[in-house]
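Next up: a single chain in structure tokens, the form predicted on its own.
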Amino acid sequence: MAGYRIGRRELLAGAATAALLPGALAAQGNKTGVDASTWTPDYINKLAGTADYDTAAECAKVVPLDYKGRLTYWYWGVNQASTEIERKMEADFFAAFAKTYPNIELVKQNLDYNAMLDKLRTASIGKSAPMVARLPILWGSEFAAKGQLMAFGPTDVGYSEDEFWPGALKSVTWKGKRYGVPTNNETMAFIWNAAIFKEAGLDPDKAPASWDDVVAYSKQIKDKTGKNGYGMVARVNAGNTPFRFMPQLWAYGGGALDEAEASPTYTKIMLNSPGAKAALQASYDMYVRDKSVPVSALTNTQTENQDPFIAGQIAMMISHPSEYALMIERARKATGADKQVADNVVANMRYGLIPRGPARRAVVFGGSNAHVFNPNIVEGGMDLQAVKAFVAFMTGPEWSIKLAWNISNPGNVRGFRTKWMRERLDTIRFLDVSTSMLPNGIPFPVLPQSAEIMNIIVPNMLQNTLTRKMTPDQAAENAAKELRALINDL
């Protein structure tokens, strides 16, 4: 636990970063009881368990509980890699909705994350879209820009916009109109194996302070132990890649566009900036020069890092608080000598702030949003009352936190005050650490091409560098050229 205590002191010392949040957050606190302008682990802990909410009563103000209707819903939910608690919460959610609105027939599809976007594109063109879809924060603007979403925001389901993070509202805004309701929001944290740090001669209870330190630590770990230092993720067309590379890119002063600036225009290209090239060089140094990361990083998602991490073969990575729960579950299932190794890894897991760069400390402001498709492309027609009932139920303080149990945080900030947040903090180690990164969160550019920028252009830039097809400078210039062409098309 020593590393945890030290990590908390570091977090509190760095809490001044909360000043980066818009001043409106202090006023937001007056209306919601959640003052996000003073966002520290201590405040998060003190807030939890201070309020109770009645989900059915809140929903009844929007749609009567005896309403009879039908709803179609697409989402990406539990899969083979999900923990037992995730499976339970998802099942409980659908059971609770059926109990609250017994006369609404719900037809749902749980789709694979990496396949869902293309399926929705095809369905929208073919006028067979669902009424509601829960989409990663990156995707909604594309459908809004194409005119495939209804203008539909928090106030349509009885919630004040003060109940949601400003960055989350930005992600559902297109040309001044709201096109969705935030369901959950998240920031990741930096994870390390204290035992490997100690074996490599590093302070086991101190995370790397900077991205330059990550490069140096990764090399030292490889040289001293033969194990991989950093769990790099560089797969093309997989959401895991930008969530782990963009914090590095922003930290060095780069960006895709100017999304890291206080008032982004989304017209200034930053992929070929000196900061972006420095971030690429750091990745090149780890992958090519030092060979201190997995060779399979080119095809890895975070899922592929989990086995070597629990086997004690990867020392550092970026992920959610859920990673700790996943490792506990993997250790529980291990047998023989593997179980001893796995138990040791779990005991030595540490969480801290994602390292700084020369420009800033940064993390992706992620999450998901509930979007409503235009009636003219919905298969079977639209039942707007059923839609409102479902979205109100899903995005209130109760289910926005339960559905985010160990993978994210509630989109509705009132969720931070609930008894369920208290339970999460008591049972999910390091949750307050990753949650405290929210003030450092930077949303992806709110553009219809964001998915292509983040899932294709940025990973291709990284791959061109790591495969030595191009130098970091050439890869950055090439990516900037591709991005410029994409923006010009817009």
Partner chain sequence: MVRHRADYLYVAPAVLVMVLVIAYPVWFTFYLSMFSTPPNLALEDKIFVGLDNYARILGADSVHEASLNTLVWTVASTALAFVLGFGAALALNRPFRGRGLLRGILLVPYVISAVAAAYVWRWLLHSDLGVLSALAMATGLRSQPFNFLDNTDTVLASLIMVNVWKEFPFVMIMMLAGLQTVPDQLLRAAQVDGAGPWQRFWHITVPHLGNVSLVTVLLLLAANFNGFTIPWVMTGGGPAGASEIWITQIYQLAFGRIRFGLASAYSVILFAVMMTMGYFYVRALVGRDRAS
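Take the two forms, find the largest set of C-alpha atoms that superpose within 1.5 Å, and that set is the rigid core. Positions refer to the first chain, counted from 1. Just so we're clear, the structure is a prediction, and the values are computed from it rather than from any experiment.
Unshown form predicted in complex with its partner chain; subsequent notes refer to it.
Asker: Choose from 118-126, 101-109, 378-386, 395-403 the stretch whose residues reach within 4.5 Å of its partner chain in the predicted bound form, heavy atoms counted.
Answerer: Every other range fails; the passing one is 118-126.
Asker: Please run the contact check for residue 337 against its partner chain in the predicted bound form: heavy atoms, 4.5 angstroms, yes or no?
Answerer: Close contact is absent here: in the predicted bound form, residue 337 is far from its partner chain, nothing within 4.5 Å, heavy atoms only.
Asker: If you check in the predicted bound form, is residue 162 within 4.5 Å of its partner chain, heavy atoms only?
Answerer: Result no; residue 162 lies far from its partner chain in the predicted bound form.
Asker: Please run the contact check for residue 445 against its partner chain in the predicted bound form: heavy atoms, 4.5 angstroms, yes or no?
Answerer: Residue 445 lies outside the contact set for its partner chain.
Asker: Tell me, yes or no, whether residue 219 is in contact with its partner chain in the predicted bound form, where a contact means a heavy atom of each within 4.5 Å.
Answerer: Answer no; every heavy atom of residue 219 is more than 4.5 Å from its partner chain in the predicted bound form.
Asker: Which residue among 308, 358, 158, 166 has a heavy atom within 4.5 angstroms of its partner chain in the predicted bound form?
Answerer: None of the other options qualify; the answer is 308.
Asker: Between the options 228, 184, 248, 187, which residue brings a heavy atom to within 4.5 Å of its partner chain in the predicted bound form?
Answerer: The residue in contact is 228.
Asker: Between 285-312 and its partner chain in the predicted bound form, list the residues on our side with a heavy atom within 4.5 Å.
Answerer: 287, 294, 295, 296, 297, 298, 299, 300, 304, 308, in sequence order.
Asker: Using a superposition on the rigid core, decide whether the Cα position of residue 115 changes by 2 angstroms or more between this form and the one not shown.
Answerer: True for residue 115: a C-alpha shift of 2 Å or more.
Asker: Superposing on the rigid core, is the Cα displacement of residue 377 between this form and the one not shown 2 Å or more?
Answerer: Where the cores coincide, residue 377 still shows a C-alpha shift between this form and the one not shown that is 2 Å or more.
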